[in-house]
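Let's start with one chain on its own, the form predicted on its own, as structure tokens.
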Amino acid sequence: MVRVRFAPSPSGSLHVGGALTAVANRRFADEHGGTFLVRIDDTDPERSEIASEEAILNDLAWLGIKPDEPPIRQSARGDLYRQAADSLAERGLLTEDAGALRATTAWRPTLIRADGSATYHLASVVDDGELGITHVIRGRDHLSSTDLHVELARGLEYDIPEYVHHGLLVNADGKKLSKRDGATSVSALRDGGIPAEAVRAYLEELSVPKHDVQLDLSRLERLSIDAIAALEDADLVGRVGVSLRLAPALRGARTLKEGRAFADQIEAVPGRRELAEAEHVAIQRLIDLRERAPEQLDRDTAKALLREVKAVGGNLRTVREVLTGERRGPELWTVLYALDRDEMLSRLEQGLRP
């Protein structure tokens, strides 16, 4: 039976590249009716943080990536690693150096530190063997470790998993992503208002890339627009934190954060704007129409009112500025739809005052 794992180090937030690996493993398990595990690689206490571990697990949950078993923490498995080290030593595969235990290979990497804790190499191989991991799907930055891991697995008489190394997410220069490249962590994308569905869709599109892939924030934004458009009204306004009447105004937003800005634009009473005489036409016509319309407009009526204003030569940009104080924003009919009659008339009449 297929068993795969995602093994983040709790030394920072979940990187988009790490999320790519997590999605690839979750998808592979699902496609093969297998099991997906999350293993927290926290053998280095100086680099491990409880807050980071919690943040990573929360980010995975936000993306809809859930392990099939409770998360495993390497920090709780030290005895197992030490037993494995003793077994390797008995086979002549370890040598002691200044209190540390190293593999007897051309790299001579440290497997057990002087303080007795296991390093990534030994802990990872032991966990993969003990947990019955059948496929190791990870970034190609781990490719150089594979020969050592295979050698250690053989020395410990574990079944050797199949290794798959995918390309990395990189910046425009083909280099490893950094904070200078913008939103490169899952939390940064979430804080920027990108829905989880869009991030997950982007990572699913990439699948298991054979080569490095440039992070495409423009594609993420397009997927964000699609995801927002696909949300049910109640779900959408719940995520943004606004009333149901504002749902149509959020549809054209590129992010949930922009949707919140659209809502604020409609809800905030604009400051007074000095109108030219010719601009009074649009405002007066809309006042006349709105006074005769129902308390709450439906979508078709809101659009019809704007067509009537335009038919008399009214400038719809003026209408927007009087109602919201802004020159750009959500579709104008959604502003009319969101405002009740008294509030809209109050703003329009304010615009006509000398």
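Residues carry their position along the shown sequence, with the first being 1. Keep in mind that what you see is a predicted model, and the values were worked out from it rather than measured.
The following text describes the form predicted in complex with a small molecule, which does not appear among the structures shown.
**Q** Can all three of 23, 36 and 135 be found with a heavy atom no more than 4.5 Å from the small molecule in the predicted complex?
**A** Per the other structure, none of 23, 36 and 135 touch the small molecule.
**Q** Heavy atoms, 4.5 Å, the small molecule in the predicted complex: which of 260-268, 87-95, 189-197, 119-127 makes the cut? Say which one.
**A** It is 119-127 that comes within 4.5 Å of the partner.
**Q** Taking the small molecule in the predicted complex as the reference, which of 222, 73, 82, 142 has a non-hydrogen atom within 4.5 Å?
**A** The option sitting close enough to the partner is 142.
**Q** With the partner left out of view, is residue 348 within 4.5 angstroms of the small molecule in the predicted complex by any non-hydrogen atom?
**A** Output for residue 348 is no: heavy atoms all beyond 4.5 Å of the small molecule.
**Q** Is the gap between residue 41 and the small molecule in the predicted complex 4.5 Å or less for some heavy atom pair?
**A** Yes, contact at 4.5 Å.
**Q** Taking the small molecule as it sits in the predicted complex, is residue 7 in contact with it (heavy atom to heavy atom, 4.5 Å or less)?
**A** Residue 7: contacts the small molecule in the predicted complex.
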